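The form predicted alone is given below as one chain in structure tokens.
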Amino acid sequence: MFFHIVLERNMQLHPRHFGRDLRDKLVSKLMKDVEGTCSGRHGFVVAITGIESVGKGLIRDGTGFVTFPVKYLCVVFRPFKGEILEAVVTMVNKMGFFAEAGPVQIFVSNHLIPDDMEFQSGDVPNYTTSDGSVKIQKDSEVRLKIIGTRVDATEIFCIGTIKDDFLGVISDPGSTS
């Protein structure tokens, strides 16, 4: 799920950046350092949408660097247990498959894939129904439900299932439509 929140970070800036465009340098450094990162508490930082405030700088002894407290608005993505997501399959093996929904990687075990689907090894490993009408392979789009998350300091791991109503393949790259 996406959230728009206020975060705070202390930014260090080298004295060579001091001048008329100090604030612009601070904002561009903040975007470079923060966008695309993951904090276990808030989730993946997708984009910085605005700067709320830049505090007074504190000169670091001996280095000349200045530390500025910066409050900023950003969009974060944090998956939750029970959430339904659409994802793209990145890898298929006999244990299940991995899919990506934006920055988060989700593993779907073969025990959480419907019983009528079987693993087919070969040039393109996939899970196929007995009649061959539905196929999950690399680059397939699937709708899945998150049944578990594990949060580390810098990463979020998810376990998903497609063994529920209205879940499964949305589009198959192997079909000609």
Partner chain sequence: MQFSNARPHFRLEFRLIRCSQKEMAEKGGKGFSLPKGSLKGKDDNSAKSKQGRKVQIDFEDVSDPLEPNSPKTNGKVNTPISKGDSGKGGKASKAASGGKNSVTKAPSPEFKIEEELPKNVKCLMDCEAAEILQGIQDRMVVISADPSIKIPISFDSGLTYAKRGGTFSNPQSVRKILEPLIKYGVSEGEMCMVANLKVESDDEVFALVPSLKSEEGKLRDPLKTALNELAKIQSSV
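Positions refer to the first chain, counted from 1. Here the rigid core means the biggest group of C-alpha atoms that line up within 1.5 Å when the two forms are laid on top of each other. In this text the structure is predicted, and so the values were computed from the model without any measurement.
Same protein, other form: the form predicted together with its partner chain, not shown, and the subject of what follows.
Against its partner chain in the predicted bound form, would Gly64 count as a contact residue? Criterion: heavy atoms within 4.5 Å. Judged by the heavy-atom cut-off of 4.5 Å, Gly64 is well away from its partner chain in the predicted bound form.
Find out whether any non-hydrogen atom of Lys138 is located within 4.5 angstroms of its partner chain in the predicted bound form, and reply yes or no. No.
Examine Glu155 and determine whether its closest non-hydrogen atom to its partner chain in the predicted bound form is within 4.5 angstroms. Glu155 lies outside the contact set for its partner chain.
Does Met91 reach its partner chain in the predicted bound form, with heavy atoms at most 4.5 Å apart? Met91 lies outside the contact set for its partner chain.
Which of Leu58, Val54, Ile147, Val134 has a heavy atom within 4.5 Å of its partner chain in the predicted bound form? Selected option: Ile147.
Within 78-103, which residues come within 4.5 Å of its partner chain in the predicted bound form, counting heavy atoms only? Stretch hits, in order: Arg78, Phe80, Lys81, Gly82, Glu83, Ile84, Leu85, Glu86, Ala101, Gly102, Pro103.
If the two forms are fitted on the core, does His17 show a Cα displacement reaching 2 angstroms between this form and the one not shown? Indeed, His17 is displaced by 2 Å or more.
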